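Presented below, as C-alpha cells, is a lone chain in the form predicted alone.
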Amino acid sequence: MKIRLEQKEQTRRRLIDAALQLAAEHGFSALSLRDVAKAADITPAGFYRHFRDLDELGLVMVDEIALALRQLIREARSRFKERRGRTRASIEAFMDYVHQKPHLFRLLLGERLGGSRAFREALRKEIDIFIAELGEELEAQARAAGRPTKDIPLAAEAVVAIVFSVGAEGLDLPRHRHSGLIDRIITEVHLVLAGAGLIKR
C-alpha cells in the first residue's frame, strides 16, 4: 500500500512539473490534458486519477508559485544585515529566484492577464499577498524611522511592478550580467521609496 501511494504521488508530481514547464513555454490557456499527460508519460485516462480537470491542476500550479514567492520572502529576510542593505538583499534574492525557477516566473508573468479565470484570479490573489507582505515590511521600517506610512500600499505595488517587469529581463541574460540589472532595479525602487517619503533622496 505504501509503495502504491508513493507511486501515485510521484505520478502526480510528474503531472504538475510537466504542466508547469508546458505552461511556462506556451501559456496555461494553451495546455491540453492530452499534452500534459503525454509529457508526464501517462495515459490521458490516468490524468483523472489525480485531477478532476485542467482547472484543478491549474490551482495546484498557483500553489507552487505561491510557495516559491513565500520562500523568496523568507530568503530575502534571512539576507537582511542592515536597514540600508535591505533593498539589495531583497532584489538579489528575487534574481536568484528568477535564475533558479525561470519556469515559475515565466508562468507568473505570462498568466496575470491570460489563462482561465480561476487560474488568473488565484494568481492575482497570491500576488496581492506578496504585495501586502512587502507593505508590512515597508511600514515597519517607516514607523521605526518616524516616516509617513499613508502611501505605503501604493509604493509596495509599484515596487513589485518594477521588480517583476525589469526582473523579467534577467530571464534572457546570462547570470554574470545580473549584477547590472540588480543595480538598475535598486535605483528604480529607491526612486519609488523616495517619492513616497520612505527614504531620503
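Keep in mind it's a predicted model, so treat the numbers as computed, not measured. We call the rigid core the largest set of C-alpha positions that still match within 1.5 Å between the two forms. Residue numbers run from 1 along the displayed sequence.
The form predicted in complex with the DNA exists for this protein as well; it is not shown, and the discussion that follows is about that form.
Enquirer: Note which of 142, 66, 54, 160 lies within 4.5 Å of the DNA in the model of the complex, where distance is taken over heavy atoms; exactly one does.
Expert: Of the listed residues, the single hit is 54.
Enquirer: Select from the listed residues 42, 60, 171, 166 the one whose heavy atoms reach within 4.5 Å of the DNA in the model of the complex.
Expert: It is 42.
Enquirer: Of 128-136, 146-154, 171-179, 42-50, which is the one stretch near the DNA in the model of the complex, taking non-hydrogen atoms within 4.5 angstroms as near?
Expert: The contacting stretch is 42-50.
Enquirer: Using heavy atoms and a 4.5 Å limit, would one call residue 4 a contact residue for the DNA in the model of the complex?
Expert: Yes, residue 4 sits close enough to the DNA in the model of the complex that at least one of its heavy atoms falls within 4.5 Å.
Enquirer: Does residue 11 reach the DNA in the model of the complex, with heavy atoms at most 4.5 Å apart?
Expert: So residue 11 counts as contacting the DNA.
Enquirer: Once you overlay the rigid core, does the Cα of residue 43 travel 2 Å or further between the shown form and the other one?
Expert: Yes; residue 43 is a residue whose C-alpha shifts (by 2 Å or more) between the shown form and the other one when the cores are overlaid.
Enquirer: For residue 141, is the CA shift between the shown form and the other one at least 2 Å following rigid-core superposition?
Expert: Residue 141 C-alpha, core-superposed: shift of less than 2 Å.
Enquirer: After superposition on the rigid core, does the Cα atom of residue 165 shift by at least 2 Å between the shown form and the other one?
Expert: Superposed on the core, residue 165 moves its C-alpha less than 2 Å between the shown form and the other one.
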